[in-house]
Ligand SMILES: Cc1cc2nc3c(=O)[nH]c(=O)nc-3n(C[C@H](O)[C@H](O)[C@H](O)COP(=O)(O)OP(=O)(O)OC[C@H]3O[C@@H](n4cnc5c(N)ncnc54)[C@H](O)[C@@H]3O)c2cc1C
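As a starting point, one isolated chain is supplied in structure tokens, in the form predicted alone.
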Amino acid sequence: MDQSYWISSWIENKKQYPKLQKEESTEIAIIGGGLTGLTTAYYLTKEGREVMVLEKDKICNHTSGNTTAKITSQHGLFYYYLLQSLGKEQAKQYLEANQQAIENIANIIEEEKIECDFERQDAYVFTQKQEEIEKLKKEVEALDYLGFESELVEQIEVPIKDKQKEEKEDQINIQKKVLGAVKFKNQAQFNPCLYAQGLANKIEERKGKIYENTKVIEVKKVEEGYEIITEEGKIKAEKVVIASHYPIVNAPGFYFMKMYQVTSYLIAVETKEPLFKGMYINSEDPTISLRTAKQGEKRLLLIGRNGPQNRC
């Protein structure tokens, strides 16, 4: 399979959207049709604003459609670092914003009745290295200082194999190779493409417009707002939201100078044995990410592997 499981799961039923091939005008133009752009459009149309989404390919077909699709505030061992580098106020703001985002997604799914395999799951950052244990302890202390309930646990449900002992020990003993984990309760996971389609349906119901295969070439500031030039069309907008993978406007920020490439992969596997509950990621490099996903009445095991400094 050369597509992600999420994309392949909806491709036959995905709604197709037209390409912009004329001049139009709108109150707010959103560049990027991933989850950020669609969520922005969803909230704006809900408030009665006139919105147009411009996607260069297909909605939810890039970063959003190729993610592990964990909805969690737990991004590796991150909060001790935030606390030390930015202070309590900003670290707490980041944590609370992520927690609120989980609830926002849950509320949208419930309110709009979006079928997207949404499930509440606990999340874990685990380690197999003794030298990482102190980092886990500092992370829990930092979270406690920020007023967030986390837990340092010694055992996790998912079995992690030690290759050197694989032939000598049974699966229960192999689990002991995990030396500790930081647990976040009541996080979540879903199918992001099915969720994106649900958002897109509501955007159109509220008279928002979505264009696919519409690459933005240039954004110009004009007296009455902005002029957006695409390959075959043009849009006049009062306001513009750039929700692409990286900003297509070079200044301010010169973001392109800070970008670098990384490689990661994720495979989906059918197993004969019952699968674990929860979502897992290790604290050391290279990164290993584990979760399960619904496939009808069955469940798939999703295994991800990343290089240094690339959390999934």
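Everything quoted here is computed from the prediction, not taken from an experiment. In case it trips you up, residue 1 is the first one in the sequence shown, and so on.
This protein has a second form, the form predicted together with the named molecule, left out of what is shown; the following refers to that one.
Annotated contact segment (heavy atom within 4.5 Å of the named molecule in the model of the complex): 54-62, selected among 54-62, 269-277, 253-261, 41-49.
Looking at Lys215, you'd find a heavy atom of it within 4.5 angstroms of the named molecule in the model of the complex. The closest non-hydrogen atom of Ala243 lies within 4.5 Å of the named molecule in the model of the complex. Although the partner is absent here, Thr26 lies well away from the named molecule in the model of the complex, with no heavy atom inside 4.5 Å. In the model of the complex, the named molecule sits beyond 4.5 Å of every heavy atom of Asn282. Shown without its partner, the chain has Ile31, Gly32, Gly33, Gly34, Leu35, Thr36, Gly37 in segment 25-40 as residues with a non-hydrogen atom within 4.5 angstroms of the named molecule in the model of the complex.
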